[in-house]
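Presented below, as structure tokens, is a lone chain in the form predicted alone.
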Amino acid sequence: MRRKLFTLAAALVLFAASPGLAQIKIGVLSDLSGPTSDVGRPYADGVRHCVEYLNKQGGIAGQRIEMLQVDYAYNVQQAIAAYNRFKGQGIVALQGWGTADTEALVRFVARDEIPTYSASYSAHLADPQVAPFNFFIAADYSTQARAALQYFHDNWTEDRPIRLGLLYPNHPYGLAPIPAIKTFAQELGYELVAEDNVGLGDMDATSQLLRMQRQRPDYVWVGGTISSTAVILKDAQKVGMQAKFITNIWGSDEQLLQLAGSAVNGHYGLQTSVVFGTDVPGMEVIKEMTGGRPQMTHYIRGFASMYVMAESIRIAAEKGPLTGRAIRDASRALRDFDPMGLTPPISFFEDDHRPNMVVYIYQLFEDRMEMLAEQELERRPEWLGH
């Protein structure tokens, strides 16, 4: 099976080098066939289309981008093996994917000085003391949750504390923002009234919701992914819960609207990019690259991640030899860089790799995601990495 996977991986090498033409090689780790492939495929499409777009524009600093992509099927060992092959092939930077593999590679990419942009938004990956060569282009999971708490606190009109419930999988991804949520909720005066677990693969959440309903929360944080979130929302509708649910970035997208149907109406989803069709310059590029076919928010973040990394490579290439350290330093020099309006402006610093403190809050309906607010938090030093 392992050999078969590597055979498949080898077949996924894209943009083969043209003899005599300078190339900038980047590695891309994708989940195209594993447990997160439902969101991994559109994200990978966004990365790939951005590379195609940049090459159409002449590449980076006059050099074409050669994209070496491997489907690692969300298997950490496969990711490490692919990374080592990428390194042998001379990549200068890496587009990574999930939390487990990104964290497994932190030590390797720091040792090898290979800047890595991933789709894992774990807060500690933004701390250069822990992950000096890691970057991402979205507010981290903890910042996303804090932004939602701040927004609902600021718009609360009743003369009593907000009653908060938490539903999340007992899994590193689900657990990651929980300490930050509890601490900030207490700071804002929320009353934490209920807490329970719903697994990523659970097909029923009725018992958890009935327990939670007895505590009458006003808002419930949902920290799972699309499938478990759809189960929660449909079961909440079935038992008649009145609470509003706040779904995190991997738990709310265009697929959720289809899976949950009318049960999604009026609840909230957190995002760090615009949705397809928004009137920003980058959307015209995306429409051109996709023939106008609607794309998921994960696609848009993948496109933006590659676009921001390319800007760092461009700055580094124009200053001198293209090394990993030069690309890292160029990333850290970005100030309010605008990825064509697809995300809020990006800034990284030598001692702080949080890209921004901005979160988009959408209200969800079965036929659309409607932008409700752009919530920005202060860049508190004590929040870095937590």
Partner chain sequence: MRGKCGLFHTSYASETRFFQSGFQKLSLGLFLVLLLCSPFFLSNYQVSMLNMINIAVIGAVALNLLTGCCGQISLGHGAFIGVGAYTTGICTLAGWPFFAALLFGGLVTAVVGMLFGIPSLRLKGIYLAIATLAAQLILSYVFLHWTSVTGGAIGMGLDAPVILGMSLDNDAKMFYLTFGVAAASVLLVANILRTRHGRAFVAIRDFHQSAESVGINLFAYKLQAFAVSSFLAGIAGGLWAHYTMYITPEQFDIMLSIQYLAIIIIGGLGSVLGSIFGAVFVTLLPEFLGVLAQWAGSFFPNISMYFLALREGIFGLILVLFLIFEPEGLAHRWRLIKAYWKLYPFAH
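Fair warning: this is a prediction, and the values are worked out from it, not measured in the lab. Residue numbers count along the first chain shown, from 1.
Heads up, the form predicted together with its partner chain isn't pictured, but that's what we're talking about next.
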Exercise for review: Answer with one of Tyr307, Phe135, Tyr72, Phe245: the residue that has a non-hydrogen atom within 4.5 Å of its partner chain in the predicted complex.
Suggested key: Tyr72
**Study point:** Answer option from Gln150, Gln78, Ser227, Gln208, heavy atom within 4.5 Å of its partner chain in the predicted complex
**Key:** Gln78
Revision key, fill the gap. Answer among 357-365, 41-49, 332-340, 317-325 for heavy atoms within 4.5 Å of its partner chain in the predicted complex: the stretch 41-49
Practice item. Give a yes or no on whether every one of Tyr268, Thr290 and Arg293 sits within 4.5 angstroms of its partner chain in the predicted complex by heavy atom. Key: no
Review point. Is there any non-hydrogen atom of Arg111 lying within 4.5 Å of its partner chain in the predicted complex?
Key: yes
Review point. Is there a heavy atom of Ser33 lying 4.5 Å or less from a heavy atom of its partner chain in the predicted complex?
Key: yes
Check your understanding: Is there a heavy atom of Asp235 lying 4.5 Å or less from a heavy atom of its partner chain in the predicted complex?
Key -> no
Check your understanding: Looking in the predicted complex, any heavy atom of Arg216 within 4.5 Å of its partner chain?
Key -> no
Review point. Considering only 156-178, what residues come within 4.5 Å of its partner chain in the predicted complex, judged by heavy atoms?
Key: Asn170, His171, Pro172, Leu175, Ala176
